[in-house]
Ligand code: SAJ
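Quick heads-up: it's one chain on its own, the form predicted alone, in structure tokens.
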Amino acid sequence: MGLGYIGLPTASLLATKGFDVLGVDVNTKTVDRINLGEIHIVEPGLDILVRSAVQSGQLTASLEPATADIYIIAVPTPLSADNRPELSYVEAATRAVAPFLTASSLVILESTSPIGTTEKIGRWLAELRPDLAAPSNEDSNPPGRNRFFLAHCPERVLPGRILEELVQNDRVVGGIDAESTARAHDFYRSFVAGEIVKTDARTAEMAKLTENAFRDVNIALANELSMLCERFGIDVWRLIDIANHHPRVQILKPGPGVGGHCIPIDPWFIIDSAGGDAPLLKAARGVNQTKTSRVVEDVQSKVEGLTDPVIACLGLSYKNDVDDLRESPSVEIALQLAASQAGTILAVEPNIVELPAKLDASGVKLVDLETAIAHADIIVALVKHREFLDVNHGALASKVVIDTCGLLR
């Protein structure tokens, strides 16, 4: 359920492992492209895998689910405007599969979710399918009773390495009850080479959130150091290199903020579940959001006195060498600069062919690197794409350069 950055790689991998897979998505264009053996996202090796899976007949895409032994929910779990978890996609997917459940069906939630979401799915399914017994640690479910099984197994992969990490990474599986955990464990054991760590659903949910909260806090330290070093006249990149020579120190790299669907989102899930009582996580989120605003302010200060300035933003994705723009601070920086009428905003993003609607509507222009450098007065390095690594430093000599990602070290 869901054929995005996690669902499609998972579906195609399972198909090549011998499973009969039905990939379900609400987007007609996505379904049609996949059934032609084509892909709609950028991920190394995915095009070959999808084409092979579709041509073999093991993978079919559809707008509607069907009866199956295992249902994997891999849909978005975004934040609302006030940083509250939005579970409407999870609920919609749950309601879509409910009519098709049979005795012994296993439902797996892979979407990163707030604590207690797997239990919510169990309650929704119990209401929709009263003929089936829902798993529960409080109910032994007498032998012979028709029942379904339910577990959480959060994805833990890095865009750009998804196909490799789906197999090699350790996985955490947490069922609503012991039998659900065991069945989910056996399923992932069939194609995962890494360790399968068994636990309960709530711990599995919290484990994924904790992993990304850890990274958010660490990046917040790096971003705060970058802002302090700018004040002190210190090269933050060299500083971090030196500090990381300590055997028990590993500071991550600073950037224009934090993006992607996980790191800037997951801490808010913990904060919301805790009723706001998570001061360190809130502080880290504040630092990383401040860094994005600071970049905008830095650019705005540089355009003062310039007539009709042209500003080139190098990179829009949230990390290097992917097309994923979700929660990208680079997109937010381009939008804020356009809204403030700081000048003509050029965007260079080699991994996309057209701008998202909100950027296009704001007047941002998508250009190639050569055009951007030729026309820009101010260069803002936001993402360290491989296409930018060989940029001609001499061509930048007459430009104002703001390097947020260490591209021009």
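The first residue of the sequence shown is number 1, and the count goes up from there. Quick caveat: nothing in here was measured; it's all calculated off a predicted structure.
Quick note: we don't show the form predicted in complex with the named molecule, though the next part is all about it.
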Contact test in the model of the complex: Val258 vs the named molecule, heavy atoms, 4.5 Å: yes
Exercise: Ile333 in contact with the named molecule in the model of the complex, heavy atom 4.5 Å: no
The named molecule contact in the model of the complex: Glu205, any heavy atom under 4.5 Å: no
Ile263, heavy atom within 4.5 angstroms of the named molecule in the model of the complex: yes
Listed residue (Lys302, Lys198, Lys253, Lys120) with a non-hydrogen atom within 4.5 angstroms of the named molecule in the model of the complex: Lys253
Heavy atom within 4.5 Å of the named molecule in the model of the complex - the one residue of Ala274, Ala243, Leu158, Ala283 that qualifies: Leu158
Interface stretch in the model of the complex with the named molecule - options 124 to 132, 182 to 190, 150 to 158, 98 to 106, non-hydrogen atom within 4.5 Å: 150 to 158
Within 4.5 Å of the named molecule in the model of the complex: residues from 209 to 229 (heavy atom criterion): Glu211, Asn212, Arg215, Ile219
